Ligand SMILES: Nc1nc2c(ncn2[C@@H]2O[C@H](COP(=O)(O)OP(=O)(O)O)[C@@H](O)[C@H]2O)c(=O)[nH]1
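One chain comes next, on its own, written out as structure tokens in the form predicted on its own.
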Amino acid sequence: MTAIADCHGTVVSNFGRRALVEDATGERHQCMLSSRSLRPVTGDHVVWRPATPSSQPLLLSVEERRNALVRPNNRGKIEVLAANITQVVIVVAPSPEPDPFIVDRYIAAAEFMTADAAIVCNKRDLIGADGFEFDAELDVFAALGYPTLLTSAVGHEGLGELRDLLQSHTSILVGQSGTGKSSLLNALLPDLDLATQSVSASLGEGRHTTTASTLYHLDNGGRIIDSPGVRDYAPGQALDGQVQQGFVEIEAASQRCRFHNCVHMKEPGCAVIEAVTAQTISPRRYESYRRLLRLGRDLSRQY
């Protein structure tokens, strides 16, 4: 009897003890996990074994991740949301009111992962000619080098630019609940309903909702991972000296601090505090840095 050769693939979605794995030809296979210790997530590269007359396809192992988007759960343990991402796309909108501190934390997570970050302001059709207050924050992000796009899934505004942004990337769409991530996906992928029905059927679920991440393909080579909306977000725990790596302007200014281990809170000769006072670093972004620093310390003490 010829032995069944193990194969390589990518996790498209997962639910419980099953994972939907895409092979090199684009065909998808519902795999059972071979071990309770396996914790595959969308975007993982995996080794799996095709079905035999006596067994169904099995996911055997998860290959080393290039990176992972993570967050602490309510017990302080790190939870992996998706893996092998090249770009984090943060979606905001006039409603619900944007929280710039959540945007900062997603940007910091992207920097920690060495992934690109971009901000998409959706629902522009709801904004009058005078714009809205978050436009000033978008200017701050743009000045730091992060692409900022204006879109409307309803009016199809900016969708071409968004498609170009996603080209050749494995992007994850993130942000607060209600910002229109699903509407943008539907506008970019006209057959999305068929695709989600296919995922649901493959996983044996009656209806697929965004409670777990799922990977979709664009016709320009881009791949999009959706994700559930959030009320809040924090990246994985970072040590004091690592937090500044999530804030490019603070990381740059820190090279001029008097002390190499300065954490930019109250140390003498701190170039970051001097830049904040001069407003060459956004005071709000600096406050965001301080909050993330305190959060990391709190998590360290609690867990």
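Fair warning: this is a prediction, and the values are worked out from it, not measured in the lab. In this text, residue numbers run from 1 along the sequence as written.
What comes next is about the form predicted together with the named molecule, which does not appear here.
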Discussion item. Looking at 81-89, 99-107, 180-188, 137-145, which stretch has residues with any non-hydrogen atom within 4.5 Å of the named molecule in the predicted complex?
Written reply: 180-188
Worksheet entry | Partner proximity in the predicted complex: Thr170 to the named molecule, non-hydrogen atom cutoff 4.5 Å | no
Discussion item. Can you work out whether Ala153 and the named molecule are in contact in the predicted complex, taking contact to mean some heavy atom pair no more than 4.5 Å apart?
Written reply: yes
Discussion item. In the predicted complex, does Ser213 come within 4.5 Å of the named molecule, counting heavy atoms only?
Written reply: no
Worksheet item: Does at least one non-hydrogen atom of Asp164 fall within 4.5 angstroms of the named molecule in the predicted complex?
Response: no
Worksheet item: Is it true that Thr10, Ser13 and Leu60 each have at least one non-hydrogen atom within 4.5 Å of the named molecule in the predicted complex?
Response: no
